[in-house]
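One chain comes next, on its own, written as structure tokens: the form predicted on its own.
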Amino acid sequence: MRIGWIGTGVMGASMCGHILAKGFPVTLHSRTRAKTEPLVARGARWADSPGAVADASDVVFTMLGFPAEVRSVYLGDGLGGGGIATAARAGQILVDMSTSEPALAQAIAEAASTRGAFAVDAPVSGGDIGAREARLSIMIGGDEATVLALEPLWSAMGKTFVRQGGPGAGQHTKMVNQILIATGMIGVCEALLYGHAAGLDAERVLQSVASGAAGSWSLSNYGPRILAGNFEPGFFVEHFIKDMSIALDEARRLGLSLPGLALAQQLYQSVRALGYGRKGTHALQLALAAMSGVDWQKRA
């Protein structure tokens, strides 16, 4: 299979790299060409537009930031080229691994099907660490036979890949994932803030609580970064706010009240307002500490 890849950000570059390492020929494009240079040095071929990527590929993957970008690349004038779904070839497979809107995933699948092509939505969880170590959880919506045909590619990027249903089901599952993370991160940050104020040795505290009933992926992976004052992104705050907005919109459509998620979104709005929109989601610690008059980066 000839593989196309569009979007080489914090996670996309690693994910594409794993596919390249498996020996698949890769043609790629990204808004910032410099980010693709390490992959080109390893044998990937640069293309000037998403359309050029699609022209050279049997399977095209995208890993983009916002639904507007996804819509542009698949259905509109995408970053200098036409929509790749509206111009797809019969038998071609398009895989969007961005976190986006379920309805948009369905629209892309419908557009592809009119061309005899197939579209799959396959958002992921695991952050930069999961992407680097090929340990992502991949949540997949799409035609069953198509999803099965892509198994060598799923296994190159992740340790868990589950088809959840038809088009849009992957995105709905990712919303479940983000709702779980949103309020969980509040607990992680508030607990560490409490431990600091109580004068505890934070590393010792983590030894006790991370292996007990309070343990979580976020605590184990982000807790040490928070304590070290390292708020570089595994996943951008601004992207998380986007995800929570999608989930809240879907909740309203479904007639659901999700007050915990609404609170989390408001807290993350304060993180962005403090200038940390391009930091990692664990930068919530900085906003919560500021509310209590604690300068987390300068704590004794």
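Only the largest set of C-alpha atoms that superpose within 1.5 Å between the two forms is called the rigid core. Treat the numbers as computed from the prediction; the structure is a model and nothing was measured. Throughout, we count residues from 1 along the sequence that is shown.
The form predicted together with a further copy of the same chain exists for this protein as well; it is not shown, and the discussion that follows is about that form.
Only one of 25-33, 61-69, 233-241, 257-265 places residue heavy atoms within 4.5 angstroms of a further copy of the same chain in the predicted bound form, namely 257-265. Checking 86, 183, 113, 155 for any heavy atom within 4.5 Å of a further copy of the same chain in the predicted bound form turns up a single hit: 183. Screening 134, 191, 227, 75 for any heavy atom within 4.5 Å of a further copy of the same chain in the predicted bound form leaves a single hit, 191.
None of the heavy atoms of residue 92 is located within 4.5 Å of a further copy of the same chain in the predicted bound form.
a further copy of the same chain in the predicted bound form comes within 4.5 Å of a heavy atom belonging to residue 102. Put simply, residue 98 is far from a further copy of the same chain in the predicted bound form: not one heavy atom of it is within 4.5 Å.
At a distance threshold of 4.5 angstroms between non-hydrogen atoms, residue 145 is out of contact with a further copy of the same chain in the predicted bound form. Each of 175, 187 and 213 comes within 4.5 Å of a further copy of the same chain in the predicted bound form, counting any heavy atom.
Taking a further copy of the same chain as it sits in the predicted bound form, the stretch 278-298 comes within 4.5 angstroms of it through a non-hydrogen atom at 288, 291, 292. Core-superposed comparison between this form and the one not shown: the Cα of residue 234 travels 2 Å or more. Comparing the forms between this form and the one not shown, the C-alpha position of residue 129 differs by less than 2 angstroms, with the core used for superposition. Core-aligned CA deviation for residue 90 between this form and the one not shown: less than 2 Å.
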